[in-house]
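The form predicted alone is given below as one chain in structure tokens.
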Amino acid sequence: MAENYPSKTVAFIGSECYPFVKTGGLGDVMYALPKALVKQNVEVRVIIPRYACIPEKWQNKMIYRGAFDMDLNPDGRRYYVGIMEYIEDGVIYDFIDNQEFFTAGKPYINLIDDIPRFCYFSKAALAALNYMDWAPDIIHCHDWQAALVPVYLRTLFADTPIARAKTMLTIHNLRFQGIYDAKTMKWWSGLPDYVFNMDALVENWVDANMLKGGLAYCDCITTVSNTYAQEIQTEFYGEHLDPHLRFHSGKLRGIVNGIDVDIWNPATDELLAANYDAETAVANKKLNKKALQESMGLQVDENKFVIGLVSRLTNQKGLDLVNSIIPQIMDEFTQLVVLGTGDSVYEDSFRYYENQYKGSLCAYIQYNEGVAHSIYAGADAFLVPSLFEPCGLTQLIAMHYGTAPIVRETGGLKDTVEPYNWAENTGNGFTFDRYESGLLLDAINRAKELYFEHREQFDEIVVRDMEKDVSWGNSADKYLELYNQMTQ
């Protein structure tokens, strides 16, 4: 295990980090994983851009660490690199400051603007580490925005103090790769010609792909679940990079994300009607169910089977399957609560069904943190029937709140939910494999049958889910083990 090794130094480089700036799961990982690693005696720096959209309360806490000029493109122009620093929970956050690149009101604009920004950011992050005289053991990069870091490290930074570092590149969502015209990319990155070939940065002979280059040059590739690591090597999930990923499969690993159990904790969650732990869950979830039914305009009845769904309302999330079987789900024993926003076709459809099944179905078409917490605590089962799901956090939160997940066997859903086994009374949820509405309906019906006819066994699933370790500590152990293997 990790604790037998000397302590490590790790630099995280990525485009967003909670609480400063966050658009998705990447921001959560950049915050939670370093925090968990620091508890394991790892020295961590997190490097992100100093966007103008970072709230003033954080801007005001940053202190100036220094500045220098850096070349970037072939015209010899020098670019300012400022370093602002903030420390919290033992994690050092360094913000790369440049007014020209990071004054937009949001972290991502469009590819034509983002390609120069993240070429600059990747090079500036490495230059900043040299400037601060901090040479980490591992440089851990995230998604396409930081994917040029391993390429820069092995080329333009090969003779500098940080060249000793090993690089890890984590894929959070393979769909986004940073693809642009190769000539433009060559100009903005200033990288040598020889990296622009079909084995590294070039694809389809005319474009350059930042993620593809990073995957070729890094020492280790990780993604956010074991199953997703296998899936992205196939044509269906591979987003045209599957041959490249198969070629580099020897350095590809999957590690499931965790959740922040300080924020998501039913024993201390102030947004719940009644707090509970594994011992009091069966009794106190009934109080949360009653509160959920009252607040959502559902018929108050503790014997109803309440299914929750908290999601972006898009195709990826399997909502076409849900839509097609709602009339079969909605019987006199069942209620459904949907929370989220997204494609208008799903928003309108759920609103239509809410009218059809007044008192049994609630469609809350906006995002509301308090409502999300009350669904996790008050529902009996939780639906995640995704077409693909690299890791998935909602099923982890649902389990931590003692709500049985009903999921499709893909990505992190397959890795975290063990299907219920009737013969042995084992497992912690209900699953289906092929992407078919009939199989989803079957999984829901299996959950209902256990709930209504074998309630004791259903309650045991609730307790098993709550006792499962879904914290970041678990994931941090696995990352640390990988860091140690890389640096042996």
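Each residue number is its position in the shown sequence, starting from 1. None of the values given here were measured: they were computed from a predicted structure. What we label the rigid core is the largest C-alpha set whose atoms superpose within 1.5 Å from one form to the other.
The form predicted together with a small molecule is left out here; the points below concern that form.
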item: Contact assignment for the small molecule in the model of the complex, among Gln99, Ser344, Gln366, Asn204, heavy atom within 4.5 Å; value: Gln366
item: In the model of the complex, the residue from Thr227, Gln293, Ser311, Thr222 that sits within 4.5 Å of the small molecule by heavy atoms; value: Ser311
item: Contact of Gly24 with the small molecule in the model of the complex (heavy atom, 4.5 Å); value: yes
item: Proximity of Leu393 to the small molecule in the model of the complex, heavy atoms at 4.5 Å; value: yes
item: Contact flag, Gly258 vs the small molecule in the model of the complex, heavy atom cut 4.5 Å; value: no
item: 4.5 Å heavy atom contact, Glu460 to the small molecule in the model of the complex; value: no
item: Lys317, Leu339 and Tyr376 all contacting the small molecule in the model of the complex, non-hydrogen atom within 4.5 Å; value: yes
item: Location of the small molecule contact in the model of the complex, chosen stretch of 147 to 155, 116 to 124, 366 to 374, 248 to 256 [non-hydrogen atom, 4.5 Å]; value: 366 to 374
item: After fitting the core, Tyr367 CA displacement of 2 Å or more between the shown form and the other one; value: yes
item: Per-residue C-alpha change between the shown form and the other one, Ala398, threshold 2 Å, rigid core fit; value: yes
